[in-house]
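Just one chain is shown here, as structure tokens, and it is the form predicted on its own.
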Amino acid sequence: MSAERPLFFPDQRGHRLFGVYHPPANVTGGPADTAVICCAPLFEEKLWAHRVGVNFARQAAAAGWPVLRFDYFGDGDSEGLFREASLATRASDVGAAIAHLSAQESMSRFILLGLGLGAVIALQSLARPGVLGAVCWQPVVDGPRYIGEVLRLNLAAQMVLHRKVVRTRDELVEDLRRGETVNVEGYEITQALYKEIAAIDMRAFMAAVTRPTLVLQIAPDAATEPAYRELAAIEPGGLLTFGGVREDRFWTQQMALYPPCTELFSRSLSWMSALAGHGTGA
């Protein structure tokens, strides 16, 4: 296996973004001119899903795919503060990752892969030049519901600190609407980010898809969530592929390192190979 390389590259405003590049182990396993760009989720979901993301990048690289994992502006080891970033700036960072791989690794085609809010960011970047399509792992379907669940974590922290809820969820929302920030597990949520997440409607995203997109629901059993059944019914010109895989919610707190997701990885890689014209998809 070729050695993965940590690196920094500039975003469109000149800030340094941190990433790890996984060069392909061979040139025959995957299309040499097509790279995978991993779009991470936000909040603690990024932390808990990190090992699965690394495992996927290494497996994809071993199969011949160049892969870039990176931290958005305001996240991880990249410059900036979390409160200074938004979904829009993170989508812009995907463009910076594309520019870096184009200039430094001679890549001309890209497949975006995202989990949760990272899948939303991938879809926001789908129309960028050179992007062939996107793989969406458990995308956020209902923005208002999702951000409501995030804010509930603040209430849980209040119970630990004060043994009671000092600020209700409605009061936290009102704080955000006044332009204040709300701290959730150390992440300062701004009014702008709150509004962006609350506006997410995955059904509208799917209906407007212009490039091939694979959506995989991840659940520990075979039951399909109602919201994902609705997504599966959308047919934007034959561009949407929907499926489900059995895995625990590895983007939530784990007591041990989560193992490689065999079915999730194989379904994703097979579809990517078919999209890039290299092999047969699922």
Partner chain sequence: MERAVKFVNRAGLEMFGILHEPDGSTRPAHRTGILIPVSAIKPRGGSFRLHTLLARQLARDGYFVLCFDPAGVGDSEGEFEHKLLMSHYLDIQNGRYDQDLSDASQFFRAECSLAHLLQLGLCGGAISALINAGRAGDVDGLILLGLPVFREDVQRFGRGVDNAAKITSPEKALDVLGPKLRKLLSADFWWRLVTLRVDLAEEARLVARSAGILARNALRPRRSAADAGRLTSRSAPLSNHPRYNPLFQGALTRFLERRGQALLVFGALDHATSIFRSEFLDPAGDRLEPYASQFTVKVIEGANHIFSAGDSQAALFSQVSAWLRERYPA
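No experiment lies behind these values; they were computed from the predicted model shown. Residue numbers count along the first chain shown, from 1. C-alpha atoms forming the largest set that superposes within 1.5 Å between two forms make up the rigid core.
Missing here is the form predicted together with its partner chain; even so, the following discussion is about that form.
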Within 4.5 Å of its partner chain in the model of the complex: all of P144, T210 and R229, by heavy atom?
no
Partner-proximal stretch of 33-41, 213-221, 47-55, 60-68 relative to its partner chain in the model of the complex, 4.5 angstroms, heavy atom:
47-55
How about N26: is it within 4.5 Å of its partner chain in the model of the complex, going by heavy atoms?
no
With a 4.5 Å heavy atom cut-off, would you call E196 a contact of its partner chain in the model of the complex?
no
Would you please decide whether P259 lies within 4.5 angstroms of its partner chain in the model of the complex, comparing each non-hydrogen atom pair?
yes
Flag E105 as yes or no: does it have a non-hydrogen atom within 4.5 angstroms of any non-hydrogen atom of its partner chain in the model of the complex?
no
Among A127, L81, V166, A204, which has any heavy atom within 4.5 Å of its partner chain in the model of the complex?
L81
On a core-based superposition, does N55 travel 2 Å or more at its Cα between the shown form and the other one?
no
